[in-house]
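Only one chain comes next, encoded as structure tokens, the form predicted alone.
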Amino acid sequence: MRWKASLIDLLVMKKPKPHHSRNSIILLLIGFLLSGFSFFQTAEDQAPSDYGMTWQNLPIIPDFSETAREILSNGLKRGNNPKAFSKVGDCDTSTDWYLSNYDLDQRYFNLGTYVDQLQPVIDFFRGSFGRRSLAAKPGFSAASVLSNYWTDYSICEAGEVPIICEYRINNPAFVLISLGTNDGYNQPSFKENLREIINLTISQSRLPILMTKADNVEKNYSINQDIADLAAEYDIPLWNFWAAIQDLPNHGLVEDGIHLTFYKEDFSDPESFQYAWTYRNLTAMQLLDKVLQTIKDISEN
């Protein structure tokens, strides 16, 4: 955990040797004043979004700030499709296990007691659940999303990187961004790459929704820290998936400490709630319900 130095810590100085020179006293006072100015300048420059480790206690499903609502509202005015969302991420995002069943019939899922809440979500966003995103592929890092090395030129235009191509073709009102696992092995550039993804998304008036990851491949949770910091800095929603699975066996991870434990898509079966993929899809759907209510509220006002 990072600790911020207090004012006293920063202003404590070694006691100078006795010196009766008037010039020395003046220089000492000037030095003290400059050190004080330096401190306040540094404090002001610090990002107010620095959570320390408190991201672990943030809610799983976030509230939507006025900033988030404004981005969504601007996007709807711009012509972004309120019924479309895009997925941005790695193998856990591109897999058929992630939301895709909701574009199929009810042989493939059971909403159980959540049917009244989640069936309207399925009806409204139908077509986005199983869509193959051009910005979600196995092995993707934050850098991959921004690299034309991974662009599918059979679909995309010259010069488009995967995320730009995805946005042009799908025209989503908002985006579910779940990255970081593959950045855990080369993390120094992750935060700035994610920042670029956020800036690019907001520049098109599409709401980026960030997700904390389940694993800790980097050993110190610094990537979830970066994700939470950026969510706060930009005042955008943070889906704290990490918190949803901490009470599960092995925190919802299989033996490799990376991939999620899997069970059939059946919220009516109590056994399903011992597995992480149940919570990944359930909390995603609850998040989509929050987005749906926000879109309806914006449209009515």
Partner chain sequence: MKQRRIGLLFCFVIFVCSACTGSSKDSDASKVVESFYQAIVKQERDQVGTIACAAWEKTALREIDAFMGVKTELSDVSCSVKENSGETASVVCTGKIAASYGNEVIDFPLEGKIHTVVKEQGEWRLCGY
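Positions refer to the first chain, counted from 1. Keep in mind that what you see is a predicted model, and the values were worked out from it rather than measured.
Another form, the form predicted in complex with the partner chain, is not on view; read the next lines as being about it.
- The partner is absent here, but in the predicted bound form a heavy atom of Asn182, alone among Ser100, Gln225, Asn182, Gln204, sits within 4.5 Å of the partner chain.
- For the options Asn171, Ser189, Gln119, Asn74, the one in contact with the partner chain in the predicted bound form, meaning a heavy atom within 4.5 Å, is Ser189.
- The partner chain in the predicted bound form comes within 4.5 Å of a heavy atom belonging to Gly139.
- In the predicted bound form, the partner chain sits within 4.5 Å of a heavy atom of Cys91.
- Contact annotation: Ser147 falls within 4.5 Å of the partner chain in the predicted bound form, judged by heavy atom distances.
- The partner chain is not shown here, and in the predicted bound form it never comes within 4.5 Å of any heavy atom of Cys156.
- Each of Asn193, Glu196 and His259 is positioned with at least one heavy atom within 4.5 Å of the partner chain in the predicted bound form.
- With the partner chain omitted here, the record of contacts in the predicted bound form names 147-155 of 147-155, 120-128, 207-215, 106-114, defined by a heavy atom within 4.5 Å.
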